[in-house]
Ligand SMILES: N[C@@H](CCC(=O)N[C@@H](CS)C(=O)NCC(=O)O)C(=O)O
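Below you'll find only one chain, the form predicted on its own, shown as structure tokens.
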Amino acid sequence: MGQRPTLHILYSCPFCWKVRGLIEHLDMDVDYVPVNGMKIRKEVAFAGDWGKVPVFTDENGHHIVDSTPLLRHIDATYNDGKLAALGDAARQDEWMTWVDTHMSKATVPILYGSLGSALKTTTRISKIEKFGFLSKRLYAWAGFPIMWGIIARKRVKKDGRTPKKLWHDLLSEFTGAFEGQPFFGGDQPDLVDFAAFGYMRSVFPFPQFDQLRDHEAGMAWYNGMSGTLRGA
């Protein structure tokens, strides 16, 4: 009998949540292994030169990386490909690309789009992630001006919308493609739903999530997705 599968993660990582959502939906027996956010490359060096999370190690010791291929791998290997088989494959591929292109770029602006937001985010991350004593404080107090000043502020300025408006527009476009169903996949979620859920779920531990609560259709879908996580 092989080893228990593991998933190396950051608790605040949207790419990790894409995979975690599916794992918990399928109620898989997987060990989550948190990594030090300041030493990611070193702590996942066993998987080659990928240097990022999530990293999934299966019961045979094989390492699989990159969140979207990981979604497809887990569905194919542990779920007989049932989610990939829902609906039209071309539509699913088109919207998976849309989710990974647009929603992935919306998480940084809402979490770090202002100096105050950035400080709240890095402080919260320093508490929920696996950090050493010194690196915890370094990340909390040195990380926020970097994330705000170098990354987030440029993205917000380039897009032209407030982070809240950006998210509301994305949720409107996404839920508008449901064709009257509760999920993108129809009466049950498919792989696109889990990809989108991962990005939104990564905002949940932070106070900025309140900016999303008044999007009625988005929250109805999000709550519906949360209700499918049997292993949570």
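Residue indices: 1-based, along the sequence shown. These numbers were taken from a predicted model, which means no experiment stands behind them.
Although it is not shown, the form predicted together with the ligand is what the next lines describe.
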TODO: Could you tell me which one of I40, V30, L26, L166 places a heavy atom within 4.5 Å of the ligand in the predicted bound form?
DONE: I40
- [ ] Kindly indicate whether F174, Q211 and G218 are, all three, within 4.5 angstroms of the ligand in the predicted bound form, using heavy atoms.
- [x] no
Open item on the list: Contact with the ligand in the predicted bound form for V53, defined as at least one heavy atom pair within 4.5 Å: yes or no?
Closed with: yes
Open item on the list: Using a 4.5 angstroms cut-off on non-hydrogen atoms, would D66 count as touching the ligand in the predicted bound form?
Closed with: yes
TODO: Using a 4.5 Å heavy atom cut-off, indicate which stretch of 201 to 209, 166 to 174, 187 to 195, 43 to 51 touches the ligand in the predicted bound form.
DONE: 43 to 51
- [ ] At a 4.5 angstroms cut-off on non-hydrogen atoms, which residues of 3 to 17 are near the ligand in the predicted bound form? List them in order.
- [x] L10, C13, P14, F15
